[in-house]
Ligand code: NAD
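So this first bit is one chain, no partners, the form predicted on its own, shown in structure tokens.
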């Protein structure tokens, strides 16, 4: 089968690799209908996340179940499904407490042998372990494209808005208008935000954010934190949601909120350690939160919101390409020539 594989820094390749098959009773074989390139994939592309050469990439995908193991009862062959970007056991210390993203047996799709050795979704087929948990059936009225987003970035944007504690009438600053940031813009409005600022340096992303109802702020033209304070009576936003993970963007998020505000950081950190402004957070009574999205509890509610017409995450898609075009797709995404790229077989 065709699959996008990691080869080295800024190098992916479309290879013919063996079609996977189920090996255990809790697994399901999924024929991938649509996958996506995520900002987290760029961490691999730029060698900020360790992945072994030859690993099949991709952790955002939807498809059709082809075969299931004897213990799989929640899905069956022919069902349309979307995968959570990670697998989880459902019974360990953390899973029993509903914190599935911290599962002691977690594996991540498309991240090679260092993260569970699961296959990736940027391929024609992928095996989903622990399929009763990992796969979510797609309801009628929701396309495979729309569903794909609930397995990672839409859930992450919603999680960021929820952890920010948004209340009706709030002003919210979303720092980073990439795919996750755009999902956060949508989600902030669901929580009742009266005004949402979207901060980025890429005009095409800001145009999409504006189309979603946000007020765009180009960080290359103005100082974002100072600008937000200047248009909010000198106070700042009530909440900020950071969706990039760079020290500079986290600083923007910290300095864009009023005293007593909340800063929710869901961008994947670029640095493992960084200085933290303890006095600023303490003295201004800020709440600092965020983290790795606990995806599973959000998947069904978000699918229901999509079905009801309250959300359409697919509006952020700028390019639809074939898996065979994976090398060019990665280059385009890395060069910010695309907002969101979907791949089909």
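Computed from a predicted model, the values in this text were never measured in an experiment. Numbering follows the first chain given and starts at 1.
This next part talks about the form predicted together with the named molecule, which is not shown.
- Remark: all three candidate residues (178, 199 and 202) come within 4.5 Å of the named molecule in the predicted bound form, counting heavy atoms only.
- Stretch 33-41 is the answer when you ask which of 296-304, 311-319, 273-281, 33-41 has residues with heavy atoms within 4.5 Å of the named molecule in the predicted bound form.
- Heavy atoms of residue 257 never reach within 4.5 Å of the named molecule in the predicted bound form, leaving it off the interface.
- Contact between residue 330 and the named molecule in the predicted bound form is not found at the 4.5 Å heavy atom cutoff.
- At the 4.5 Å threshold, heavy atoms of residue 266 reach the named molecule in the predicted bound form.
- None of the heavy atoms of residue 54 is located within 4.5 Å of the named molecule in the predicted bound form.
- For the residues 95, 166, 244, 138, the 4.5 Å heavy atom test against the named molecule in the predicted bound form is passed only by 244.
- Contacts of stretch 141-164 with the named molecule in the predicted bound form, defined by any heavy atom lying within 4.5 Å, are made by 152, 153, 156, listed in sequence order.
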